[in-house]
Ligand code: RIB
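One chain comes next, on its own, written out as structure tokens in the form predicted alone.
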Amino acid sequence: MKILNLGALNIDRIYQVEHFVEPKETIKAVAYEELCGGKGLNQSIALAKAGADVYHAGCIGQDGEMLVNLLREYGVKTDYLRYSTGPSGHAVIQVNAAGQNNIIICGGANDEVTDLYIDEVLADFSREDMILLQNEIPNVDYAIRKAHERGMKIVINPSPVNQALETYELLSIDYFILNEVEGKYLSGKESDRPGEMMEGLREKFPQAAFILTLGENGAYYFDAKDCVYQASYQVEAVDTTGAGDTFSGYFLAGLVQGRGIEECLRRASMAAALAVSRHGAAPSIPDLQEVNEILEQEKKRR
């Protein structure tokens, strides 16, 4: 099964700070880095590092060669990328002393994903394949409709949450990958309790399966009948940027490889734990050999 990831590619401008800047405040960064990012790019790299056959589609600017090179370096197929005359998308990221982050995104070339472009890309994929979508590019609703018409398995990570989600044909989605903010929003529940979120999501989308990630509180897989919990692996968090993308890529790679849900959750959780112990988004994603070796060590310690 091929995985088509139609998603954003960003140049991440990362500022290490003692604390997040407040209104009317000027602060000095402790350090600065420029790295490749975007939820789409991060998830494609995680998929490739986890052994999946992944194709990335999206738009980049003339300044985006570093993005293409990184994707290719890790084995992501870039045949469907399209160049724009403007700048690539970019993100301004603050990372505080506790390893938490906040992010401002500028769409740039990511905003040039058109219906026509989506049609051209999807022409090469079929019901044997899977499409992965996030919510950082335009025309996600169109991509859902057209992928559904082709019989593709559809996965959405609805991040960032916004009102546009209300217009998407979400009953066509096969898998939702959500954190607690996205889960609460889509479930329609006011409660932060996982059980209530799960109840609301099952009621609204009975056709779908869900992966609900809760950071240090672990993750759930659930559908209309089953529910599986995976505790998180405790590490010292250095930078949480890209942790969810790492989890998503590893889980989906395991799924298309025919692994059981418990194993998919276990590998994804370990990969995410390793990612948060390092700086950056894409550079922090571990490779499959490292994940497997550490899981084997953890198994022997039991």
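Since this is a predicted model, take the numbers as computed values, not measurements. Start at 1 and count along the sequence shown; that's the residue number.
What comes next is about the form predicted together with this ligand, which does not appear here.
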Please pick, from 130, 93, 212, 113, the one residue with any non-hydrogen atom lying within 4.5 angstroms of this ligand in the predicted complex. 93
Given the stretches 199-207, 184-192, 228-236, 103-111, which is the single one in contact with this ligand in the predicted complex, using a heavy atom cutoff of 4.5 Å? 103-111
How about residue 56: is it within 4.5 Å of this ligand in the predicted complex, going by heavy atoms? no
Taking heavy atoms only, is residue 38 within 4.5 angstroms of this ligand in the predicted complex? yes
According to a 4.5 angstroms non-hydrogen atom cut-off, is residue 242 in contact with this ligand in the predicted complex? yes
Decide whether residue 281 counts as a contact residue for this ligand in the predicted complex under a heavy atom distance cut-off of 4.5 Å. yes
Can you name the residues of 1-24 that have a non-hydrogen atom within 4.5 angstroms of this ligand in the predicted complex? 10, 12
